[in-house]
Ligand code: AMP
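Take a look at this one chain, the form predicted on its own, written out in structure tokens.
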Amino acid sequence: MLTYEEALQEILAYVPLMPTKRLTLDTLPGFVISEPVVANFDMPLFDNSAVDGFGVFSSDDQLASESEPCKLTLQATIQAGDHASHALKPNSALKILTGAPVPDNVDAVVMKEFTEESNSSVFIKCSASPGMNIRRKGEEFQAGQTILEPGVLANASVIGLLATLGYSSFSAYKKPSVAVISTGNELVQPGQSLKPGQIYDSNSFALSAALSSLGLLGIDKLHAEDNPNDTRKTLRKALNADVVISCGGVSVGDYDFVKDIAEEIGIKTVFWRIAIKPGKPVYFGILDTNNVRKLVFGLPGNPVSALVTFHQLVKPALMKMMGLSYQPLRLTAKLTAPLKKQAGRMEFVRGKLTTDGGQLLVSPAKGQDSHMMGGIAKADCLIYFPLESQLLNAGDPVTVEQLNWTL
């Protein structure tokens, strides 16, 4: 069987980038930019004031103080949007508001808080130094400079940057379409009455929520009964999407048909089964058709197994398809309680992070079995229990990965 890291690298090696499209700034948030962001002009565009204050010659008031202010003649007012047509005269000051252009011969702007206006004069109560409170043209970046590389998520700050640079639209990677298949004769939709032997379908709702948290909407939710014909029909229909995520039916039971049917309809198996817990029976395959690659994931049916394997294997693939690199936040924490297992599989133990005197602590959540949703619902991280290890003692340093359902 593959190790976790081997399986992840196998998946990422087969993942294609989605095509690109141009989006307006209103529709761009949540997408990943596919081109470099280049400055179309110097930023700032012109010398401007960082504060509401008074433009002066710094040499006029180098000795000014609260007790001995410097008196200057108020020459004019420049506000944001004005043209800096005024040239400062000796022994004078220009009132310059925040963002307003600063004339070429003004070399300092004194904050309003350190001044006092009286009729046509202004009293400067602090010394000024060259460049004080002036944002110089091109000091942030210059025309033609690359500011952001492709692969950045278009969040509020990126949108603000693009708007500042005058972009009304930008190129981004499309988001993949996803179909989620729940399998099993025993599944009933929440809200309906259960008959003996039936359970509620939680996987399709949990995975749809996880996909929505990644900004993937319009998810096609399907259900397959435990027979070859329905599995075949449902899987063919799901392949209209870019990514198929099936839950259940991938182990070695009498009614586990997903892997065999996938191969029968032309899906190439990349791997089946990983040395991890929860989630040993994981299937991954690809279908290349019409120069388009589709990804097929067969996740375990137990709800915790489905969510953990989604987080650790499917989410990284989806991120790469959307143009993002997979960089999980892994930390070192001190274990608060001992853990035991058999060697041979890496275990993702659900845990809860706390701090004590600056020390990061992690406690295993109660309910670690693969059907116990209470444990993962309370957890905020996964504790890495190494493949060949059998015992972790309280106080041992362990690697933890934050459970993050967003990009």
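Just so it is clear, the model here is predicted, and its values are computed rather than measured. Numbering starts at 1 and runs along the sequence shown.
One more form of this protein, predicted together with this ligand, exists but is not displayed; see below.
Check each of Gly323, Gly285, Pro303, Pro176 and return the one that places a heavy atom within 4.5 angstroms of this ligand in the predicted complex. Checked against the cut-off, the match is Pro303.
Could you check which residue among Ser208, Ser202, Thr234, Asn133 gets a heavy atom within 4.5 Å of this ligand in the predicted complex? Looking at the other structure, the residue within range turns out to be Ser202.
Does Val109 reach this ligand in the predicted complex if we count a contact as any heavy atom within 4.5 Å? Because no heavy atom of Val109 falls inside 4.5 Å of this ligand in the predicted complex, the answer is no.
Decide whether Thr183 counts as a contact residue for this ligand in the predicted complex under a heavy atom distance cut-off of 4.5 Å. Judged by the heavy-atom cut-off of 4.5 Å, Thr183 is in contact with this ligand in the predicted complex.
Can you check whether Leu187 is within 4.5 Å of this ligand in the predicted complex, heavy atom basis? Flag for Leu187 set to yes.
Contact test in the predicted complex: Pro278 vs this ligand, heavy atoms, 4.5 Å: So Pro278 does not count as contacting this ligand.
Looking at 144 to 152, 247 to 255, 261 to 269, 116 to 124, which lies within 4.5 angstroms of this ligand in the predicted complex, counting heavy atoms? It is the stretch 247 to 255.
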